[in-house]
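The chain that follows stands alone, in the form predicted on its own, written as structure tokens.
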């Protein structure tokens, strides 16, 4: 369901509170539209002269993705997961086939640290619920059973638009990827419509393009250990700024706080890092990489980032220590 909130007009140098932190809107006058989408607040900032029909088209497209790609509610992905569990083939739409094949490429690129086939494991931990209630951990035997035949998107067999899984445990869950794909689609659609200055926020995943007012967008990276910002940065052309963190969505299980990002290798919440921010022209790649690097942890995130082709990364560990790659040197304010 998408809830429509009031359209706002943003004046020069006015700060807007967005999910990821703060964003400076440098247009002299702009339209800010807000919806509730993908389970959180979504913001679209456009030049005032943007046709309303184009903005409406963006929202309709995003709403369709939200409804069809949710693994835990009625829609295309939910139906596929039911077919996989029953061991029968199913058909995918061309858009869903593209999503699955793109996610499979990210799984390979991340060396399995990003695995969108672990929806069953996500369900065992209770992270598919809208409300993160306390409870018990999954039994060790349940996790061990899952690890005996770990799912992978490589286990999907395709015949045109028909697909089936060679592993009945495979359950698709595109958290950590679908929002990035949606961001890329939206900016592509805006550019085709003649808009070149825009910013879209989907629950803290940001994508921006252009230099409105001849000034870049300023995007904030949230401090995972407090209410403020860890840093801000200026975007360069078309860029996505995607943060994967263990500090917002978690459950208290057996009295211990457990983050929603699971390590496919252990079947348990990923330890070590609490926040990974990736800056890249491709929002889909940034989204998958942010999850993969958080799973990789403090010792392995740098070589994995290199393997995935992302060179602008900021990480924060459990002790609050911050590290960033050379590509972000001079771009973070305050310096990390």
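Positions refer to the first chain, counted from 1. No experiment lies behind these values; they were computed from the predicted model shown.
What comes next is about the form predicted together with a small molecule, which is not displayed.
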- Pick from 255-263, 91-99, 151-159, 185-193: which stretch has a heavy atom within 4.5 Å of the small molecule in the predicted complex? 255-263
- Query: Looking at the partner-bound form in the predicted complex, is residue 291 within 4.5 Å of the small molecule by any heavy atom?
  - Reply: yes
- Using heavy atoms and a 4.5 Å limit, would one call residue 295 a contact residue for the small molecule in the predicted complex? yes
- Message: Can you tell me if residue 114 lies within 4.5 angstroms of the small molecule in the predicted complex, counting non-hydrogen atoms only?
- Response: yes
- Task: Check whether residue 118 has any heavy atom within 4.5 Å of a heavy atom of the small molecule in the predicted complex, and answer yes or no.
- Result: yes
- Residue within 4.5 Å of the small molecule in the predicted complex by heavy atom, from 143, 122, 85, 104, is 122
